[in-house]
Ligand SMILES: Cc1cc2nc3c(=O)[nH]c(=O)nc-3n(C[C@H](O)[C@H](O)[C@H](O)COP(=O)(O)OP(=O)(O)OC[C@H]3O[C@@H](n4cnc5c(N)ncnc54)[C@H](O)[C@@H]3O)c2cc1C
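Listed next as C-alpha cells is one chain, alone, in the form predicted on its own.
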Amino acid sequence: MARLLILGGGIAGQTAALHAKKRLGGSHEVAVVTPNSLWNWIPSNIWVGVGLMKPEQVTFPLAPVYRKTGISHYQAKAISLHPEGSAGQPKPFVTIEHTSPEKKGRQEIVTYDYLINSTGPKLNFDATPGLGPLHHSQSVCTYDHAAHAATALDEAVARMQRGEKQTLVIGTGHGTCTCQGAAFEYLFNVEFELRRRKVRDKANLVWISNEQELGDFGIGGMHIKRGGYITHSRIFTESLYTERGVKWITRAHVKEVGPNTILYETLDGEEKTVSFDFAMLLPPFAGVGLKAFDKQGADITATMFAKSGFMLVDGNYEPKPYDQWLPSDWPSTYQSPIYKNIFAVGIAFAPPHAISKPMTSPKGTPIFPAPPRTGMPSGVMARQVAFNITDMMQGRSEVPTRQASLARMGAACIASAGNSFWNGTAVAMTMYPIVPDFQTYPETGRALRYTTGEIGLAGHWIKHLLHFGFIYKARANPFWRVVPE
C-alpha cells in the first residue's frame, strides 16, 4: 500500500484529498496534514467581515469528514521536507509539528510515496509596518480576522449613527499584493451595508490598490464585449466606483500603517498619506516557510522553492522581459522538476511571472499585483493533479497525463455586494484563458466569447448557491462530486 500525503486542507488540499480517496478506495492511503481543525470557505469570509454571517456559517470541523471518508488526518503543520529520506529513514518524509491541544508542539515524521504541497500562503503582514489585526488595520483572510473586522466596522457605524463622519479605506496593504478581487468584494459589501444601515452619507469610502488601473485584478485587466463595443474592465470598474461614490487611489505601495494614517508610495515615486478611521488592507502572500533537505541533511530549500517560498514546478522560470512572456511559461502538471513524486497546487506553487505588467517606481519599489491562484483555479488544478497521481499509484501511467495550465483554463468570479436574496447585487465575471494569450487572441489576449462582466441580482443568487454548494462538497456529503470545482 502506497501513501499520498497532502500538506494543507484548504480548497486545493481538500479537493485533492477527496478525489484521490474516491479513486483509490482502500487500496492505498490518503493522508492530510493541516494545522487547522476547521475547514473555512474563504470567499464567504467577506460576509463575516460585515456581520452578515457568523464564523460557524463558513466553517466546519475537518476530523469527522476524514473519519467517514477513511482519510488519515494529522492536525499539524509541516516543518521540513526530506524528499530523499535520511540516513536513518530510507523513505521520503515530512517533519510535522502537531497543533492539536493534546499533542501541541510534538514533532514526528510522516513518510510518503507521493506528496502534494497545498499549504497555501503565509499572510505576510510583517512586510508592511503596522499592517494587520494585531496592529492598525483589519483583514478578512481568515474567519477570525473577518469577525474582528465586523466588530470594528460596527464601531465605525455606531459613530456615524451619532453624527460623526468616518473615512473607511479598503484595498491592498503592499505593492506586491494579490487578491485585489477579495478587497474589491469587501469594499462593495461595506458600501451596501452602510446604505442598509442608513449612514452612507456619513462615510467617505476610499479604495487603495497596487493595480496600475482599476479593473486590473492581478490579471492585467480584461476586455468585454457589450452592446457591440469592446470595453476594457477599467471602464466597467470606474463606472461602478463612480456610481457608488467610492474614491480610488491606484498605483500605490502602502509603506506603513499608523493608528489613523496610511503612508504610501506612488508609482511616480512620491510619498503621500491618507487618513482613516477604519481600514481593511489585505497583506501580501509568501510561502509558509517549508525547509527542504537532501539525504545527507544539506539544505536544498533554494533548489526546490522560489525566493518567495512557493514551490518550483514545471513552469519556465527563466527571467525575461514582459514582452517575451509566453502562455507556455506556465506550469501544466505542477510536478516538481527534481522529484517526480512531488507536486504543488493552489497558492503553494511558484508562478513563473506576474500576469499584470511589472511596474517599478523611480525608487525601485515594485508596485504591481502578484497573480491570483485561488478559488476555482485551485480546485481544478488540485483535481487534475489528484487524478494524475492516482493513475501513477495504480499503474495506469508512469507520468502525469492530465494538464491544468492557467494559460488554457477559464475562470469565473462572483463578487457580491450584500447578503439578501432580494436586494443584493453581484459583479459576475468570466474569462478565458486566465493568463492572456496574445498569440491566439492578438487584440485582447482572451476569447471575447467567454470573457464577460455583468452586475445584477442574478449573480448574487449564484454567489449564495456557491456558498452552500462548496461547503456541501467539502463535507464529502452524498453526490459531492456533482458540485464542480
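What you see is a predicted model; the values in this text were computed from it and never measured. In case it trips you up, residue 1 is the first one in the sequence shown, and so on.
As for the form predicted together with the named molecule, it is not shown, yet the points below apply to it.
For this session: Considering only heavy atoms, tell me if residue 43 and the named molecule come within 4.5 Å of each other in the predicted bound form.
Result: Taking the distances in the predicted bound form, the answer for residue 43 is yes, it comes within 4.5 Å of the named molecule.
Exercise. Is there a heavy atom of residue 119 lying 4.5 Å or less from a heavy atom of the named molecule in the predicted bound form?
Worked result: Looking in the predicted bound form, residue contacts with the named molecule include residue 119, since a heavy atom lies within 4.5 Å.
Exercise. Does at least one non-hydrogen atom of residue 376 fall within 4.5 angstroms of the named molecule in the predicted bound form?
Worked result: Judged by the heavy-atom cut-off of 4.5 Å, residue 376 is in contact with the named molecule in the predicted bound form.
Exercise. Would residue 7 count as touching the named molecule in the predicted bound form under a 4.5 Å heavy atom rule?
Worked result: Contact with the named molecule, yes.
Exercise. Of the residues 194, 304, 219, 179, which one places a heavy atom within 4.5 Å of the named molecule in the predicted bound form?
Worked result: Here the answer is residue option 179.
Exercise. Here the chain is shown alone; which of 252, 393, 257, 414 has a heavy atom within 4.5 Å of the named molecule in the predicted bound form?
Worked result: Only one option qualifies, and that one is 414.
Exercise. Should the three residues 205, 265 and 418 be counted as contacting the named molecule in the predicted bound form, with contact defined as a heavy atom within 4.5 Å for each?
Worked result: Verified in the predicted bound form; spot residues all out of contact, no.
Exercise. Taking the partner as it appears in the predicted bound form, which of 320-328, 366-374, 224-232, 148-156 has residues with heavy atoms within 4.5 Å of the named molecule?
Worked result: Going by heavy atoms within 4.5 Å, the stretch is 366-374.
Exercise. Going through 279-318 from first to last, which residues have a non-hydrogen atom within 4.5 Å of the named molecule in the predicted bound form?
Worked result: Residues within 4.5 Å: 288, 290.
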